[in-house]
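In the block that follows, a single chain appears as structure tokens, in the form predicted alone.
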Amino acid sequence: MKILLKNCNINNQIQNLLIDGEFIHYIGKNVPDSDNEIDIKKLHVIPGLIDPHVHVRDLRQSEKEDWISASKAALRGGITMVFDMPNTRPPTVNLEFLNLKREKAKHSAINYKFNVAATSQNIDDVIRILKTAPSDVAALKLFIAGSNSNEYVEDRTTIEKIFEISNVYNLPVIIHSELQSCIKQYEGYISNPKISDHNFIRNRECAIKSTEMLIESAKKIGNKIYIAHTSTAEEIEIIKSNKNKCRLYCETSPHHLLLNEDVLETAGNFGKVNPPLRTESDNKRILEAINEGTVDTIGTDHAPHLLTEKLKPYIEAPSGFPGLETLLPLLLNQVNNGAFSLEKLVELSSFNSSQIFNLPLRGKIKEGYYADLTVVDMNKQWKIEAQKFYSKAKYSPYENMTGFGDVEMTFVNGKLKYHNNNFFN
């Protein structure tokens, strides 16, 4: 099947794009023969987004999200590939549980890979998985602190052992960087905690100390590390000063860029997330870090929970909220507001991830590359209403936010999968 996308705005040039099967066959001014034509009407066409940080849930948490609902949410958000995080039930800690997840993921309408958890208890299991040279494993995932009951590792000897495995198999380690012992210390200072205390309890000091330690170990071992959802200005400075000294990459999330703890006055537990929402000055430094190149990627940390769970008292409510559907509209609105360019958005959301995680023929609009494409209308107005989410998680700290720039179509491996709130097989 050959599909011709006519009148595409690609890198600010109006061009035609021919899809042949799964791949981009032609880009240019000519009008090649095709089986079907779609007029893009001069809308921007960008590479499909790659999200390295997604909690799909499913398995024993399918009531929170499954691959069908997550796929729809991703397609609505212009995302064509996700990496699923391992702190599921059961967790992705061995080959048996990875294979269970592989079966569930067959229901996905988008491209996917898995992040495998590394802990002090499963080193042999990790090696067993990696010895099979799995093409569907993107990275190892390491938690330095607990987040919704996962296993965490704080012992530096174990961390460096995991880093050594990462180096042998040339897989990045994605790291949740907060020291659990530090969090425990700050928990002891608050007798009746509430949501407004979250940033204090999971204190910025805990993230800063953890990131410093991890970078020192990465310098020693030489492996590739990827600091997930970077949230503080201090961490940005540490990462910036060490980028040329080790194989170090920095992810931030849209909420650590755009939201801060002030929103908790109205959002309450809907804004409870780990690491916490920080301060306005952190938002500003993260934006500067995006434009100077210190931040490499933006991952949603899509972490759906039941609304009933989020409505529990602070101490009982789980951390995290959905992000697949809001990521691209929020970022396009930032482009419209002049925060950064559309080209920078593409780097953050697609190209850099393709390079860091070795995803050949993805992350660019180029002849011979996979036709993972997102068509966006920079002038389309939106309002975030969580009840309309395709995700099963019907809540958001962005509720009622408005802006401009939204997804019109999403193509995955050459197939039109989403167009204006309609989904296709």
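For every residue, the number given is its place in the sequence shown, counted from 1. The shown structure was predicted, so the numbers you read here are calculated from the model rather than taken from an experiment.
Below, we refer to the form predicted in complex with a small molecule, which is not included among the displayed structures.
Between the options N111, N199, S147, T294, the residue in contact with the small molecule in the predicted bound form by a heavy atom within 4.5 angstroms is S147. Of the residues given (F143, F83, Y226, F163), F143 alone sits with a heavy atom within 4.5 Å of the small molecule in the predicted bound form. Only one of 123 to 131, 262 to 270, 283 to 291, 300 to 308 places residue heavy atoms within 4.5 angstroms of the small molecule in the predicted bound form, namely 300 to 308. A residue is said to contact a partner when one of its heavy atoms sits within 4.5 Å of a partner heavy atom; N333 fails this definition for the small molecule in the predicted bound form, lying far away. Within this chain, G320 lines the site of the small molecule in the predicted bound form, having a heavy atom no more than 4.5 Å away. Although the partner is absent here, N87 lies within 4.5 Å of the small molecule in the predicted bound form, judged by heavy atoms. Contact check for S217: no non-hydrogen atom falls within 4.5 Å of the small molecule in the predicted bound form.
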